[in-house]
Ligand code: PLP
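Here we start with a single chain on its own, the form predicted alone, put down as structure tokens.
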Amino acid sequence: MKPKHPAVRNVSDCAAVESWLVSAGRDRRPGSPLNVPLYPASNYRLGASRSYSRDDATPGWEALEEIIGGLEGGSSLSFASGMAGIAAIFDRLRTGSVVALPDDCYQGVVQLAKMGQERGRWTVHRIAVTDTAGWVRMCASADLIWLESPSNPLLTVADLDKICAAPRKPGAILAVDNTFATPLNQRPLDLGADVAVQSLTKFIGGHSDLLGGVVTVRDADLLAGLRQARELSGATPGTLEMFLAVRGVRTLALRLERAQRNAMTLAERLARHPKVALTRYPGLASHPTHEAARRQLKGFGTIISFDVRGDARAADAVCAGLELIQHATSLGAVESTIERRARNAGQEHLPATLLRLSVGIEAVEDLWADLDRALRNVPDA
């Protein structure tokens, strides 16, 4: 017998999203712990709704799924990683399917799609993020329309309003990786998407201490299929990871507010810096998709991409010269991190001098002093 999962409540039940983040996912029974405790149990005594955690989930998973489901406006399923959730979506495709993928996209998704195409499972079409007409046409023929907005790492904003509203092939799935925007800035399901994906590793957890992913949908059959895929593949999240994700998401609104304010200040200053050739940030008027971002996003996120003047050695020197900002991969945490993306396998097509900066919650003047010093210490080309 399957457990009864909590009915999905919506963030609109609260006057403000901050209240939902703090209050959702808690046990309301008198005498229960205020916070959902760790449940390090793989199995349970028989005779009730739970028997084995891979099949029946744990209270820790359910708490996190209630919180994210309310934020995204659907029903959520947690996974061992963001890629585990993405793989569960791709695994629904029949042999011979057509996949539409952005030209600028998370490399893990690109590799997954490429592997499936090489094995003859599906055909992949790459479409420019800003080619709205191309996406609308592809909606009529593709079996999986995979969108990422803002994109990684060029921060291009897709016109989700138009693409999600376009007629789709019967049975097709339109999925949006909502990690960069977070559900506080963008709710793809409200726009007409079938699936919203979040990497819990990034903004939801917020402290660079866990791996996890969550997929949110509104269709009951799709939810059941993804739950079965999670169960049969064993792509279940760890108990400690879910505990950390619940604890981290409580402060998401505060962290995002501070980090976005920092990011806007830094982006504006980087755009004027003599050692910076190009700054990409959806909040800048000079950003190619500024208008779409302003129309769709409540905030512009915490990620900045900028090109250092010179060559790859100059960009590497900037990373090496930073003290407060950490030279590390990943993003969305309390600390600011930076890396040169083209040095990673599969990212060689990117500008060699592009640095992706994930802005944290440090004092903005300290961040700027660190950036400005590292940039000015790079010799002129």
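Quick note: we count residues from 1 along the sequence shown, nothing fancier. Please read these numbers as outputs of a predicted model, since none were measured by experiment.
Form predicted together with the named molecule: not shown, discussed below.
Only one of 125-133, 284-292, 194-202, 260-268 places residue heavy atoms within 4.5 angstroms of the named molecule in the predicted complex, namely 194-202. Proximity to the named molecule in the predicted complex holds for all of S81, I86 and L211, with the criterion being a heavy atom within 4.5 Å. Shown alone here, F306 lies farther than 4.5 Å from the named molecule in the predicted complex, counting heavy atoms only. At least one heavy atom of Y106 is located within 4.5 Å of the named molecule in the predicted complex.
Using a 4.5 angstroms limit between non-hydrogen atoms, S76 is distant from the named molecule in the predicted complex. Not displayed here, the named molecule is approached by N152 to within 4.5 Å at the level of heavy atoms in the predicted complex. Of the residues in 161-193, those that come within 4.5 Å of the named molecule in the predicted complex through at least one heavy atom are, in sequence order, D177, T179, F180.
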